[in-house]
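Have a look below at one chain only, the form predicted on its own, in structure tokens format.
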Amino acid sequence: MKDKNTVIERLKKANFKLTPQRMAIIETLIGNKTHPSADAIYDKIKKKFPMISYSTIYNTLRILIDLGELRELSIKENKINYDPNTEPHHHFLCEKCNRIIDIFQEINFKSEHINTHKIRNYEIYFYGICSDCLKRIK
């Protein structure tokens, strides 16, 4: 998600209502680098909208994904996280603190084909211990 106004315009063009709950979800995601789960988004928004449902959260997340404004991450087992940064990049999961970190280092394949398959896009997940946790261990 680049900015709130762009997302609002895309939602309007796609004929989606701009409810206060939907706007709160968007505002929670804009510039968010923590890769929140639906649970984390729900916990943050329910303070302002106690009657919000998980259905509203999940439906809005699906709309944003379909519009290309949000990425779904399957880096954690049995849990989906969301990334509002849709620019090409990879992710690192720290096995100590459970933080997901953006990796912008380019990883080049020598070919745009693997066996007989044409590569259109790729996403790589890295797992290990982040630099902050390594410092605490030493």
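Remember, predicted model here, so these are calculated numbers, not experimental data. Position 1 is the first residue in the sequence shown; the rest follow in order.
The same protein has a further form, the form predicted in complex with a further copy of the same chain, not shown here; the description that follows concerns it.
Undergrad: State the residue from Asp39, Glu27, Glu95, Asp66 whose non-hydrogen atoms include one within 4.5 Å of a further copy of the same chain in the predicted complex.
TA: Partner contact (heavy atom, 4.5 Å) among the options: Glu95.
Undergrad: Is it the case that Ile107, even though its partner is missing from this view, gets within 4.5 Å of a further copy of the same chain in the predicted complex, heavy atoms only?
TA: Ile107: yes, in contact with a further copy of the same chain in the predicted complex.
Undergrad: So, in the predicted complex, is Ile45 in contact with a further copy of the same chain at a 4.5 angstroms heavy atom limit?
TA: Contact with a further copy of the same chain, no.
Undergrad: Answer for Lys118 alone: is it within 4.5 Å of a further copy of the same chain in the predicted complex, judged on heavy atom distances?
TA: Close contact exists here: in the predicted complex, Lys118 approaches a further copy of the same chain to within 4.5 Å, heavy atoms only.
Undergrad: How about Ile124 - does it come within 4.5 Å of a further copy of the same chain in the predicted complex, if we only consider non-hydrogen atoms?
TA: Contact check for Ile124: yes, within 4.5 Å of a further copy of the same chain in the predicted complex.
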